[in-house]
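Shown below, as structure tokens, is a lone chain in the form predicted alone; questions about how it binds or moves come after it.
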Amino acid sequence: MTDHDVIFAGGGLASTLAACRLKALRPELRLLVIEGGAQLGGNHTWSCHASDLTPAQASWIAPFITYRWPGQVVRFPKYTRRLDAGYQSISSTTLHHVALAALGGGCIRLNARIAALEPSAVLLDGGERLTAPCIIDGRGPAPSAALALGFQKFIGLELRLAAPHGETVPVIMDAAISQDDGYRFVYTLPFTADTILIEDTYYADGPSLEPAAIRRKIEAYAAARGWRIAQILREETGTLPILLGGDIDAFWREVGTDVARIGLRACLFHPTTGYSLPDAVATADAIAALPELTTASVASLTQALSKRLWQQRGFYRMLNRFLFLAAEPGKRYEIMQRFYSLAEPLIERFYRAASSPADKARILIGRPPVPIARALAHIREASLRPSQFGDAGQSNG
């Protein structure tokens, strides 16, 4: 007799959503989510466009959504544009409390450090061994020499301002700022009339951050917008992988089938934006539909899903190579400036990773914002040197 039917190692977004979906559809299952921190989801904000989810997905994910907005704005040196696509975010606090109500406290272990995983057991620091026929690893990205990566890294401050900020929708990219360390933009989410999250974000070649310097930049940005900071409520830091290329079969050979993987650990995220919420929702539905829940069955499912999406999303990795390898670092913003001038339905399909052949042609035609010769050199993933796999892959812990 095992202790549980399914154990999720790591209580991040993908694990928590999958556990809650299983509980809703198969309440008889004995589930356990093990999280090393004090709450599920850590200290993060996950967002997506309303059009990224199907109506059925939007329905079951609705209790987790903390904030919704009816549109979004982008800013570049040449223009400011409002997009009508809805936008929504999940805070880690909401994720934790909704999951706690859905799963019950007995299905969640917090402040529990994982020492090792086996096909049918999780070993905790201190020697405790928890067993289940299905072990799912959702502990975030792990190094891999099979992947060539760039990085989307950021520090965000949630601020209470001395007066209302006047913003009604998110600014998902404000690139009308100084460009350094790659493509830099500021991202803002207005939570209430006088609270706002400001993130200083970089599409950069390496994952390192300088927190003190970036905090000063955020404070300077707020001052430039006429916002006086009354209180810093929270700080959020993240480094997301951006896929340039690689060998997905070699990646999964490294992983093996002893433990199933989901979320960022299974390369289930949008290659260009780094958004993981839509893939996490789809993965939760797929796992819940399995007739038998074993480590092997979930591993087979998520590997197949990861490989299929890798094949479907090669276009986005090519665009990433243009951004990171063909464009001059200080002019990377020009690629995004041109992209956001295109038709809004095309932009929505891009974020959904569902670009049509006509979309792809429209994105590529015209005067390119990168030197043609350098772009041509990076069209094929085979253009990546072996060192770009090992160096970039190993730096993302």
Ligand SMILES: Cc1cc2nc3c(=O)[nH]c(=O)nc-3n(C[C@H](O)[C@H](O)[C@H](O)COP(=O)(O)OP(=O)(O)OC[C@H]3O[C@@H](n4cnc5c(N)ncnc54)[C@H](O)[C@@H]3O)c2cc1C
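Bear in mind the structure is a predicted one, so any value in this text is a computation, not a measurement. Residue numbers run from 1 along the displayed sequence.
This next part talks about the form predicted in complex with the ligand, which is not shown.
When the ligand is considered in the predicted bound form, only one residue from 51, 355, 337, 47 comes within 4.5 Å through any heavy atom, namely 47. Between the options 86, 182, 206, 274, the residue in contact with the ligand in the predicted bound form by a heavy atom within 4.5 angstroms is 274. In the predicted bound form, no heavy atom of residue 18 sits within 4.5 Å of the ligand.
Using a 4.5 angstroms threshold between heavy atoms, residue 329 stays clear of the ligand in the predicted bound form.
Proximity of residue 154 to the ligand in the predicted bound form: non-hydrogen atoms within 4.5 Å are present. Within this chain, residue 236 lines the site of the ligand in the predicted bound form, having a heavy atom no more than 4.5 Å away. Only one listed stretch (39 to 47, 53 to 61, 22 to 30, 340 to 348) carries heavy atoms within 4.5 Å of the ligand in the predicted bound form, and that stretch is 39 to 47. Within 4.5 Å of the ligand in the predicted bound form, a heavy atom is found for none of 245, 282 and 308. Residues 138, 139, 140 of 122 to 152 are found to place at least one heavy atom within 4.5 Å of the ligand in the predicted bound form.
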